[in-house]
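Just the one chain here, the form predicted alone, laid out as structure tokens.
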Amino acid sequence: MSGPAAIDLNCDLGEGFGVWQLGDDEALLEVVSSANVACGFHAGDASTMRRVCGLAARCGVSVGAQVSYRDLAGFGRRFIDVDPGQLADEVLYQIGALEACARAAGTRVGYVKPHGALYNATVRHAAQAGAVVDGTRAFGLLPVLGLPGSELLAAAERAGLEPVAEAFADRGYTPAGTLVPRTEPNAMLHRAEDVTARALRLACEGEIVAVDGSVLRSPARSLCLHGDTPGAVELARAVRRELAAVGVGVTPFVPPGRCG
């Protein structure tokens, strides 16, 4: 095996809203190195954002703004044809809201990652990818986390932002290197042995196996684990344990508290 000595593990967190809770943020923050915190548009609220930022600061975990369409009812998983100018403003708004909570907790927003349908749209939708980057650039020089080869990462690089490629430990991949839609079979990996095998192959060989068995090369520096899947904490612990067993450490791709 010839992979890196360390890789980042990121996870979607803070996705509760009001009295409704989703996932075990506290347990996952003991495992991952970067937290994609919901900013109120697809999930999350002021108290949840501040609480998760505080937990992340205490755990030495980097905080990222997980920006989304304004879609609480659909959990941000429905495409919305938002005007690019409006979308850029809404991305800026979300980052700013999370930054206020992060500062109050003694940390800072260190990067930006789109959520759900917006993430998938920015793979090929140049206008929306550009809008996410414009909103981020208006806030500051934050790295942008996204799918390798996406319009999003290309736009980030053109704008002078650091593009950071990621892969998913628990999602199915098409032969084209995109994520299998959640409405289709094999969209999710649920068994621990499958998720850990994906993580190890990615970290050590830079490869991902698509749903048709083809092997994809991946330059990912960060590996995503979803916090809302059944058994998410156990899966995350298994991934970290197996990475450690082959000498791969877990380190955030951007240091906690970085100022953009």
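One-based numbering along the sequence shown. Values in this document were obtained by computation on a predicted structure and should not be read as measured data.
Just so you know, the form predicted together with a further copy of the same chain exists too; it's not on screen, but the next bit is about it.
Residue L72 is the only one of A159, L72, L179, L141 with a heavy atom lying within 4.5 Å of a further copy of the same chain in the predicted bound form.
In plain terms, the part of the chain that comes close to a further copy of the same chain in the predicted bound form, with a heavy atom within 4.5 Å, is 47-55 out of 193-201, 25-33, 47-55, 206-214. Although the partner is absent here, R77 lies within 4.5 Å of a further copy of the same chain in the predicted bound form, judged by heavy atoms.
The shortest heavy atom separation between C101 and a further copy of the same chain in the predicted bound form is within 4.5 Å.
The closest heavy atom approach of L189 to a further copy of the same chain in the predicted bound form falls outside 4.5 Å. Although the partner is absent here, E15 sits close enough that one of its heavy atoms falls within 4.5 Å of a further copy of the same chain in the predicted bound form. Taking a further copy of the same chain as it sits in the predicted bound form, the stretch 233-253 never comes within 4.5 angstroms of it through any non-hydrogen atom.
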